[in-house]
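What follows is a single chain, given as structure tokens, in the form predicted on its own.
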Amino acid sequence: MMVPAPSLATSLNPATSTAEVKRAELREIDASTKWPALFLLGSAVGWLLIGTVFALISSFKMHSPEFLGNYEWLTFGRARTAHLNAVVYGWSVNASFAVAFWLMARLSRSVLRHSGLLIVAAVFWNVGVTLGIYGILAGDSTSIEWLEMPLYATPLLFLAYALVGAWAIITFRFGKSPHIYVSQWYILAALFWFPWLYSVAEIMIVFTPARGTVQALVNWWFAHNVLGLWFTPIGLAAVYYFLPKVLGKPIHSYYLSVLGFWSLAIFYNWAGVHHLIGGPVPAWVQSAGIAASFMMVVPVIVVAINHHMTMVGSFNALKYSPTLRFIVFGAVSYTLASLQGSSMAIRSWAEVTHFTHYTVGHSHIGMYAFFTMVMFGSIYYIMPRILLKEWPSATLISVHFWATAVGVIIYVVGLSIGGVLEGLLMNTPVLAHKLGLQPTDDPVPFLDIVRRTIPYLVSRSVAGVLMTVGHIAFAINFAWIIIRSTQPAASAPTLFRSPPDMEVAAQ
């Protein structure tokens, strides 16, 4: 696609000429990413719906064990594991790939070369995920959290990831931008960290397992760092790009961005070990994990200040821009999830929250309220630019946002309260002794604890139904924008409502 020559009137106006050339360049870059992005995002939406179905099944089984109890391949262990892998490796990774290389192409000012081979890599990835989910449902799971896919699926995943990562690096290498943006730092780091994490974990736990408690250390090192060193950098890269882009102003502080990046890179790698507090691992390893978890407050506060100061004076834009609404919700959730994670490294608090529904609620603040909501916002921005047409329905976008936002809040609050209650009841004799209350050696019967948590598990299912409504609205809008007829190039961006005196989301 050649950049059209400017008209005489345009040539006489240098500012207009520069803007037109830049827009034409962006259109060329977006066009080069169109088909790989469509394939990856379409696959992501498909896996999101599949993962949602398995999530509902496993959630209902928590308080109604007889639900679909006659089907071996839909037992809780298989349905819940299929849900986890479908949303992590299906929805989340596919969305990450698409957003990462689209951002890298735009920020590098480089067209995507040989995009057909990138589609081949994406096909390999999704075939690998399909084989893995089938193996889990068939009973071939490894039973190692976040690494449950059977051995015959993992080589395809690793090959596909290597190809996708290589394409992002090539795009960066041939970029024409004179600047390296903080979003690029996060993306390039994530592309390096994930294969390192995945290969080490597969070798030390699955292919040639280490002995004893080293397996638990490696498992938590991998599971925690996949969220912190793969999904978090991709999510923060998107926030750092879309927040100033939609608002039309620069990020508050480049130097705070750099500080946030390097403190994340230095401290997060150790933080996952705090999940083994009280376990049969060396005390110094636990203490290192606790210290790193507390130090994670530094990048979290730095990022929160940077995002908040960028938004100052522009909060009114949340009424109008779909992308901004999802991105800001995700950015706030990142702060909350990270601070909550640091608090879980306090030994006395960990004694209460370990092995309870509280940790499940915490994981959903990070993976859903932060990362998934940011991906939703990114997709709402990217799709109109690669298809050259706007979203068909602002109403469906509104339904999507409110259903998922309210749903995840109910989910997290319900499981957090229920989890704390569960932990207190399981530790009743110990806590009574510590607090100087009437000592007792009789623990609360476990079935009584289970019965008391049922209302909170029901709230989890209600939240799941709400999020399902949001996902269906999103999927309908996604399919609709693909099949609808092309709009004129000058059409206005999709807004929740028209701003009275400002051009919001001219994006």
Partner chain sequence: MNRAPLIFLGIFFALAFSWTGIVLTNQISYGSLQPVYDETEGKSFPQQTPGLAARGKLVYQDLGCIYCHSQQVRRPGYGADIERGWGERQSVPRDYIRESRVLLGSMRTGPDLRNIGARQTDRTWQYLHLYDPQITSAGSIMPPHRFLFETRKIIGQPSPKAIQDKLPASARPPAGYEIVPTERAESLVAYLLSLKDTYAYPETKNVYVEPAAEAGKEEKK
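Fair warning: this is a prediction, and the values are worked out from it, not measured in the lab. Positions refer to the first chain, counted from 1.
Form predicted together with its partner chain: not shown, discussed below.
For the candidate spot formed by R211, A265 and P443, every residue has a non-hydrogen atom within 4.5 angstroms of its partner chain in the predicted complex. When its partner chain is considered in the predicted complex, E390 lies well away from it, no heavy atom lying within 4.5 Å. The closest non-hydrogen atom of R78 lies within 4.5 Å of its partner chain in the predicted complex. Interface residue remark: S143 is counted as part of the site for its partner chain in the predicted complex, having a heavy atom within 4.5 Å. Mapping the unseen interface onto this chain, I481 falls outside it, with no heavy atom inside 4.5 Å of its partner chain in the predicted complex.
For the residues F355, F315, F174, Y152, the 4.5 Å heavy atom test against its partner chain in the predicted complex is passed only by F355.
For the candidate set I409, V206, L159, I301, a heavy atom within 4.5 Å of its partner chain in the predicted complex is found for exactly one residue, namely V206.
Heavy atoms within 4.5 Å of its partner chain in the predicted complex are found in one stretch of 115 to 123, 307 to 315, 347 to 355, 373 to 381, which is 347 to 355. Contacts to its partner chain in the predicted complex (heavy atom within 4.5 Å) from stretch 196 to 227: W196, L197, V200, M204, I205, V206, P209, A210, R211, G212, T213, V214, Q215, A216, L217, V218, W220, W221, N225.
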